[in-house]
Each structure stands twice: as C-alpha cells, then as structure tokens.
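Only one chain is given next, in structure tokens, and it is the form predicted on its own.
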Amino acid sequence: MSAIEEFAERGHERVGIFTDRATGIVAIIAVHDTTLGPGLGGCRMRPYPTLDDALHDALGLSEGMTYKNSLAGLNLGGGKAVLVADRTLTVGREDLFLSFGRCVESMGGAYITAEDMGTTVADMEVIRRVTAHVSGRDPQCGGAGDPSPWTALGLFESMRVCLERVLGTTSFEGKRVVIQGAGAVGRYLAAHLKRAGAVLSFSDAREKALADACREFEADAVSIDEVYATPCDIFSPCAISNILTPDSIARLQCRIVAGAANTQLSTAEDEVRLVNRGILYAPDFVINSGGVILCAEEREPGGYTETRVRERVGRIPETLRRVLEESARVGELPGRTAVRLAKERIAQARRGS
C-alpha cells in the first residue's frame, strides 16, 4: 500500500510534511481524528531509513492515539509527529526544535505535541517558545514533567490483570519479564517489577543503556536477536513500533505480551497469530495511556494535579479488564474490541449524545 493509499485507508484528516534547509529538519505531523478534540500525541525522533518509513510510522501512531485518547476518557483526538533525526543530536538541537515548534504552530491547534521516543522535557520547553500547542513541559515552568513514570505505572498495574487472567494470580513473585527497550519507560517499569519480586531481562541495541539497566535492576542482558525466543511469563515491548510480525510471533516463548510501545502489531492479522500461539495480547493503546493522561491533565483549567492524574491512571487496569471481558463475551479479539469501544465513543460524540 502506498503512503497516499494508507492515508485514505486510515481516514486521516490531515498530514503535514515539513522541511527546513537551515536546520535540515524533516518532520511529519499526522492528525487522524479530532472529533473529541485536538489531536494530542508525542513527537518521536528517529533516523528513519526512508521518508516512507517515517510516514508509515506517523500514520499508524496517530491512529493509535485516537483510540488511546478515546478509551482513556479524554476529550482529545489522535495525532502524532515524527522527526527524521538522530535522537542523540546535540549540536543544532535547539534550532531544530524551534523549527519543529513552528511546524506545530502552523497546524492551527489541530495538533498538540509532547515527548516521545528520542525527545525530552527540555525539547518541549524549546518548542514552547514558538507555540502554545505543547504539553509535558518542565514542572519548574508550570508543566507536568516527564510522562514516562505514569506510562510505566499504568502498564505495571495492567500486567496484574493479565497475570490473573492467564495464570490465576496477581503476584509477580518469581515471574520472568523480558523488557524490550531500556529507555525511560522500560526502566520505570523495571523498578515496579523489581519491587514486586519479578525476575527481569532487558534487551536494547544501545550497549551502554542495556548495561546500565541490567546493573541497576540486577537483570539479565538479552541480545536483540534472541529477545523474542527468550522464555518468560511476560514479554514487554517498550521501544519501537511494528515489532510483532509473523516471524517474531513464531519465536515468542511467553504467555503474555504487554508493553508500552505503540502500534506493536505489524498488521491486524498478527493478533490472530498470537491467539493461535496461546498468547494473551494486551492492546498497547489500552495499557500505555498513562503518559498521555498526564499530558492532557497539564492542559486542564488550573493545570495538572497529581491526585487527578493518579486517579485516572488507576482506571487503566479496569479499562483493560472491561476490554478482555467484552472480548470473551462476543468472541472477538481484544485489540478489535478495544478499537470498537473507542470508535463507539467517538461516534456518540459525532451524534452529539
């Protein structure tokens, strides 16, 4: 499917592709649906191999944000941005994000940006100089800060729901969890799991990040080639998108897939493959919404309050439980049930009910 065909198939409202010769910026902002409100979603920074790869990621991620924000009960639509650049960039980084901020501003409020893979609270403060359409800002400047801890908390508590359903227990004691991605979310998740008695393994292509995480959490290191075939109770993808493919699913040695990465399935059919392998898949956009809840709360009248964020993040496991129960009741895959429930809320909003 070409990028134009994918754009039409997914039903996006708007996609902007931006370049800036002065900074070398290549940015894509995709707005999927604004029925519930402006599209809120993070800005991902990666050296994509091709512009088509970047566009495909932006389209899939922004559609996922529509469903994530809907199921989280937020009055926000789905949007996402990608920057084709090295996440470790230091020289010229400020100018790059000033340029990107002007791209966000040009969307006229249809898109609100925030942190994602490769971007930081400091980057959001730079963007704030040229647009108000940004969230996840520095607490010292009135923002709510890094959303990663809240993403990890919602994911951790959702894993309990998965354990109960598959293994008949909510205890992590002695359960092995393989975390793919030693970034911020993966490490915050590991802290929860370690305290709960889980046995941890990490995998990451970045040698230093992997070594640091393994040392901090007394975890085993797993190579990126062997991560899917490592026996465990829970496999937790917390890095890039589209990692669940026919090949990787065939190699999995787990009972549960529950991770923070967005759009983990390469195609909708991959959830069928997981079911056929006897693996429970917790839909990523259901369980990883803690971060976007924080970013949304920052924009509430009076600003963010931790009590309100904690209450809303605390409801994520109940949303997952509702999705799994409804899925079993109607004989539908959990991912498809989650999308259906998200679309039903959006349809009600379109009808004005």
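Note that residue numbering follows the sequence shown and begins at 1. In this text the structure is predicted, and so the values were computed from the model without any measurement.
The same protein has a further form, the form predicted in complex with a small molecule, not shown here; the description that follows concerns it.
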(request) Work out which of the listed stretches, 268-276, 134-142, 88-96, 236-244, brings a heavy atom within 4.5 angstroms of the small molecule in the predicted complex. (result) 236-244
(request) Mark R206 yes when one of its heavy atoms lies within 4.5 Å of a heavy atom of the small molecule in the predicted complex, and no otherwise. (result) yes
(message) My question is simply whether D116 lines the interface with the small molecule in the predicted complex - judged by any non-hydrogen atom within 4.5 Å.
(response) yes
(message) Considering non-hydrogen atoms and a 4.5 Å limit, does the small molecule approach S201 in the predicted complex?
(response) no
(request) Answer yes if any heavy atom of A261 is within 4.5 Å of a heavy atom of the small molecule in the predicted complex; otherwise answer no. (result) yes
(request) Give a yes or no on whether every one of R44, G183 and G186 sits within 4.5 angstroms of the small molecule in the predicted complex by heavy atom. (result) yes
(message) Counting any non-hydrogen atom inside 4.5 Å, which residue from A211, A196, I224, L167 sits next to the small molecule in the predicted complex?
(response) I224
